[in-house]
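Coming up is one lone chain in structure tokens, specifically the form predicted alone.
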């Protein structure tokens, strides 16, 4: 008997279905209606549904493997869009919608490419007053650059070099003038006029001048469209903007609503507020505005694609990629020191009002001293205002100790690690910055999981590519881009690695009741793969073809070749 009162079921068939549910039976079909999963099973086990409801069989993925839609729990759409407005000279190859970016691995090649950009723009008639903004410089690959060197290359036109971490700028004299750096240096110790360096808060000073350029409204919306193409090509159905308001919350939200809220976009965007930035903007109205925004949640029933998580993003120590993280013991090999983005005592003060109102705390931290400051904060908050299931999560998690991972397990603290630190930086960090032991044990997720915490991995795009299968592969193999295995004892099992981009990522964002696994009642979010990742070597996961995605029951086919370019993280490619 077929019911005529309910909307039609769509049955997606597959070679197999990976549900990420611990008690699931073998499955080859998913029944979907109104954006939700009715049941996962086989055509035989689904017969009670099929007998009672009108249905259609969709066999487009009959030869593919279906698994939960991939999740990237830490991205920066506005930052990626801003950087797509600049020129790129990077130590790894990227294949962007605008075209391929080759890897640049020496000082000489970096200088040659910078000169080439200047010559090209001069020939095209670009005004000498227009700054040349170039993203991707990294000292471990490109050597040292400073004001003197940049002045020798270009003495009149402003040249602003954005370090690969996003946390630092290097400028020639004209660039410093363009950014009003001399005025900023009067109060900010993170602006060094002699070297042309602006980092952390100094970079924020420079960003005030750069934002109208890189966030010009028409260009911003175009670049967000290119960002969206990369999300779809990576098989991702959920992203989290880990710091809404880092640039300008009004500009960001306006552009997101124009581009990312469209039902046809193919993925959902959740946002956590940049606690310090929105506090500066909203002042006494902070929580009134923030808690009003919580009503805007994407769901299968409302068809919304954009919403706010009840989560606040804070910062501890400096950037990993720029070697500004705070590391203990004897520190860096060369003796330099990292920087605090927020001093430990101030971190506690900033976190306290969010904690007391029941918001989750997510913290950017990279070095073991930064991790310790986050654990101290958590201990103090739990003592002052005990909370169960608080899901405090440390993001990036470059360097840590086993004592800290054990403490995290007892405190209920979780980790969302950058999935590409080990791949791209471990070998050179071992040689130049941290030594073999600490560089080999960066992003020690095996210890995190063994201590009872959950682990997810993220791109932190534009810091890494939107390629979750590559991130998970790195955590399962502990293999660098040069093919070296570092910290093999910290490797995750294949199933644990897949959890980092599905159900455990969803858990950390309190979305695991809706996404992250495939079962009755959850959102119909899944990705179709040409091969079963549990049946091939994890080292081969990045090469698995992504056939398409389904988000809230809406099919997004495999992207055409021009759109489906994804980023390679291998410095050797």
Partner chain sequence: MIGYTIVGGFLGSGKTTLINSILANAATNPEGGERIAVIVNDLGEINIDAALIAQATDDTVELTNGCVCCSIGDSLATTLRDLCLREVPPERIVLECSGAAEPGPVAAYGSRKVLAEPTIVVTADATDVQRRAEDARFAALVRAQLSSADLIAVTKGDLVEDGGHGAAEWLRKETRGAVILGRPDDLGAVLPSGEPDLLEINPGTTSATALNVRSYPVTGMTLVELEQHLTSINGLVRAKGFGEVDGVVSLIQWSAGRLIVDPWRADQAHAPGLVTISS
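Residue numbers count along the first chain shown, from 1. Just so we're on the same page, rigid core means the largest C-alpha set that superposes within 1.5 Å between forms. Everything numeric here is computed off the predicted structure, so don't read it as measured data.
Below, we turn to the form predicted in complex with the partner chain, even though it does not appear here.
Using a 4.5 angstroms limit between non-hydrogen atoms, residue 201 touches the partner chain in the predicted complex. In the predicted complex, the partner chain stays beyond 4.5 Å of every heavy atom belonging to residue 291. Of the heavy atoms in residue 349, some are within 4.5 Å of the partner chain in the predicted complex. Contact check for residue 190: a non-hydrogen atom falls within 4.5 Å of the partner chain in the predicted complex. Contact with the partner chain in the predicted complex, judged as any non-hydrogen atom within 4.5 angstroms, is confined among 281-289, 465-473, 232-240, 309-317 to 281-289. With the partner omitted here, the residue from 304, 277, 222, 379 that has a non-hydrogen atom within 4.5 angstroms of the partner chain in the predicted complex is 277. Between the options 389, 384, 250, 343, the residue in contact with the partner chain in the predicted complex by a heavy atom within 4.5 angstroms is 343. A displacement of 2 angstroms or greater separates the C-alpha positions of residue 202 between this form and the one not shown, with the rigid core held in common.
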